[in-house]
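Just the one chain here, the form predicted on its own, laid out as structure tokens.
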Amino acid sequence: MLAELSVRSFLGQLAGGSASPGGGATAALHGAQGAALIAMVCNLTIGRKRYKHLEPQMLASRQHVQILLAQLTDLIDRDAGAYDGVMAAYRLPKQTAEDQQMRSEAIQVGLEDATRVPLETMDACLKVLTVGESVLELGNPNVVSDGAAGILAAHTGMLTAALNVQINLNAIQDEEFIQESKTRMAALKAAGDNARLRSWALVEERLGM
């Protein structure tokens, strides 16, 4: 499993001659890093006398991002698996007309699955951005730069996942599926972009940038 590898081993596989793992796996990894950094801000706020009044909210936010961290970590391997499924479909026999039909159908099924996974990654990254926004605003100001790094990581994960959605949609033939996926992708991206802009404005104000 990719998520069990050391950083060095994962990067070695990423730099290798195979297309898997690729951008989709890194999208989930970016999002997971964002969730971890937001959790860190929560942990460095919880238990401090100065922020005692925020403890219930920070505990709830930490629980939320920990769930998202687990989800995004799973998505690292799920995305690579979805891509491998598409590649397996492309390797199916195509000697006869029946073979070609079955292969074509399997490729389309694989591409649709490979589109749903990065859409799920986008959704999880947006949730990290949403929780992160309130944590950044209320949390320990001494780690605002770490929280901002978490926001940027989650936003990068969302945009990277969007690239994977689109490249798969370019090869899909089901127009209804294409339109539904594009609509969902656009809504997620717009919400995530807005959350990042609001958080960055707060960071600039707090850090005097």
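Note that residue numbering follows the sequence shown and begins at 1. Because the structure is a prediction, the values reported are computed rather than measured.
Heads up, the form predicted in complex with another copy of the chain isn't pictured, but that's what we're talking about next.
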Legend entry - Which of 103-111, 73-81, 87-95, 124-132 sits within 4.5 Å of another copy of the chain in the predicted complex, heavy atom basis: 73-81
Legend entry - 4.5 Å heavy atom contact, residue 19 and another copy of the chain in the predicted complex: yes
Legend entry - Partner contact for residue 156 in the predicted complex: another copy of the chain, 4.5 angstroms, heavy atom: yes
Legend entry - in the predicted complex, residue 179 touching another copy of the chain (heavy atom, 4.5 Å): no
Legend entry - Proximity of residue 64 to another copy of the chain in the predicted complex, heavy atoms at 4.5 Å: no
Legend entry - in the predicted complex, residues of 176-209 near another copy of the chain [heavy atom within 4.5 Å]: 196, 200, 203, 207, 208, 209
